[in-house]
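In the form predicted on its own, a lone chain appears below as structure tokens.
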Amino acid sequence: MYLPDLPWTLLLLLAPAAAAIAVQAAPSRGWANGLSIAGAAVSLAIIFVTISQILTLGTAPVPSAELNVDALSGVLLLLLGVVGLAAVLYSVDYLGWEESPHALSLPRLRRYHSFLLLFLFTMFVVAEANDLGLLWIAMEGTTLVSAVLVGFYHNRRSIEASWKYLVICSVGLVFALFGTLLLYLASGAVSGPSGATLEWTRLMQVAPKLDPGLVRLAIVFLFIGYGTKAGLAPMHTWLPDAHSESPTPVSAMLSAGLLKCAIFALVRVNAITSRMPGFTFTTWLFLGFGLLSVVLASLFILVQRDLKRLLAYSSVEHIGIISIGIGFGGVLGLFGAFYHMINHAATKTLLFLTGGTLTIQAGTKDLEEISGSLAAVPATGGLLLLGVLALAGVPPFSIFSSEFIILTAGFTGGFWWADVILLFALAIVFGGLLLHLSRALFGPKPRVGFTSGFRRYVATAVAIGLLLPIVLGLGVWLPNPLSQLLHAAVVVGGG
């Protein structure tokens, strides 16, 4: 298929940025909502064109050496595009109309949509960055923009969560900056001061000659830094508060998008070290942090009473599973990890949107207070039931397929002991989720009165319709273009 050599990668960065500016001039709520949806929808359309170019050419054409859009970028862009559009659509019913329970004034609605689109823009820059310095700047940009969104309700708890998130992640990114500079020094030791570089494509070329000791030190700083942003334990402490106190669409983007951006940065580094003969240090860091995250999250999931905090600790668990898959390495491990990134993004977004609707209908996030919700609000309760089963890895949902691939990679790669730990933690999570689910959906008569929720459901229905085919379909059928993209990403990631 012929594709014109247009700078689609540049247009992808311009689309959400231009929409963010245009929203500020919106004369009404309808215009603000429409411009935001248009920015997210155009971005997703450009992403599909970009992926077509990747599958045809190997990489999408970029306007400068600071950018590089390969198959690995394509995986991240795809999940960001889908999650971004779903979050914007849900925001319309959640915040965008006067009759919405959490309605914002027009000036605040403009500000909300602008920051949501800028959040999407900064994550797109992460996905497209070839220069590791630019990647670090973009990651810091995601922190600054999303911190405003986390504290958007301007109450005591949201402001506290916002500051906690901003301080912890900024400190973490200082560590990532040190690690990035150490990689720069390592490249200079190979090519001389004039040849030192932070371009990922050039670092891949000189990787076999890099000093293992200097790189090992760089990796430690990078894992602490980007691992903090990814929500890997024990650096995850900002995540439950930020997810719980944010507007629901922002919680979805934090869990489904932002955490994957940080893991993406570590995968870029892992691709470099995979070309260094005998260098296995990165593998053990992925496995160690991943296993700790899954085990710790499984224990916290058991004792949660707040629906959004429950979903937040589930994010820690699934980021751990992705990290374990990357640590297993090889074709199966990386394929399973990248596949799981997409599956988790869609499933967790669906759950946050459904949970947000349920908390509006019930007026509370307390799982015990919303007992009996399936009978009280069958549509929302049914979607919550489906989403929790999918999140727990029940077949034939998509998460089961990617988890099965990751577990297979562990056994075939000789990491059976890690699989045993992972399976034990997954069993605890499964039991905990079913316990909470039975209380919330099938428990006694609810202690609170349920309302109808939104008066307008069209945008929410479209958002859920965008996510359901991924949650339901990818577990039994992997479309050939997506399979090709994932296999190409494995090659880029060092598999």
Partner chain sequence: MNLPPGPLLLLGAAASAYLIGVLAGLLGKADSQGTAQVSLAFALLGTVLGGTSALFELLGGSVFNWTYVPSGFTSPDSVMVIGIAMDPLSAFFVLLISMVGFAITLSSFGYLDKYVHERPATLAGFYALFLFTLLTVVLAGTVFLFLIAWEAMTIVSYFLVVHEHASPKVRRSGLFYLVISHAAGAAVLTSLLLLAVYSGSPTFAGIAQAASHLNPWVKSLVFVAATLGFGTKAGLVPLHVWLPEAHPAAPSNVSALMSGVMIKVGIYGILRVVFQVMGGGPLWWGVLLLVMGATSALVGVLNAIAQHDIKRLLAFHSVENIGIIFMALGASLIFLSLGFPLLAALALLAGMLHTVNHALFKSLLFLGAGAVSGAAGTRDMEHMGGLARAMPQTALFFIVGAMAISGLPPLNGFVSEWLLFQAFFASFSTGSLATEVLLTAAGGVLALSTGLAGYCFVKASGAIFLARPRSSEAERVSSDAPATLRSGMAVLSILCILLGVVPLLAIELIGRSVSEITNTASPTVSLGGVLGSLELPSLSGNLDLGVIALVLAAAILVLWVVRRTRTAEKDRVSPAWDCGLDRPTSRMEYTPSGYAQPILRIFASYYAPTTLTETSPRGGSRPGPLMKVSRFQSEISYPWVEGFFDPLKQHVMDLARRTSRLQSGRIHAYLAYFVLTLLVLLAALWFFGGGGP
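Computed from a prediction, not measured in an experiment: that's the story for all the values here. Numbering follows the first chain given and starts at 1.
What comes next is about the form predicted in complex with its partner chain, which is not displayed.
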Heavy atoms within 4.5 Å of its partner chain in the predicted complex: does Y313 have any? yes
Quick one: does S255 come within 4.5 Å of its partner chain in the predicted complex, counting heavy atoms only? no
Heavy atoms within 4.5 Å of its partner chain in the predicted complex: does T364 have any? no
How about S100 - does it come within 4.5 Å of its partner chain in the predicted complex, if we only consider non-hydrogen atoms? no
Have a look at W31, Y457, F442, F48 for me and say which one sits with a heavy atom within 4.5 Å of its partner chain in the predicted complex. F442
Which of these residues, A207, L407, A71, V388, gets a heavy atom within 4.5 Å of its partner chain in the predicted complex? L407
For its partner chain in the predicted complex, the stretch among 247-255, 318-326, 172-180, 84-92 with residues bearing a heavy atom within 4.5 Å is 172-180
For this chain shown on its own, do Q24, L78 and T451 all sit within 4.5 Å of its partner chain in the predicted complex, going by heavy atoms? no
So which bits of 228-247 sit within 4.5 Å of its partner chain in the predicted complex, heavy atoms only? T228, P234, M235, H236, T237, P240, D241
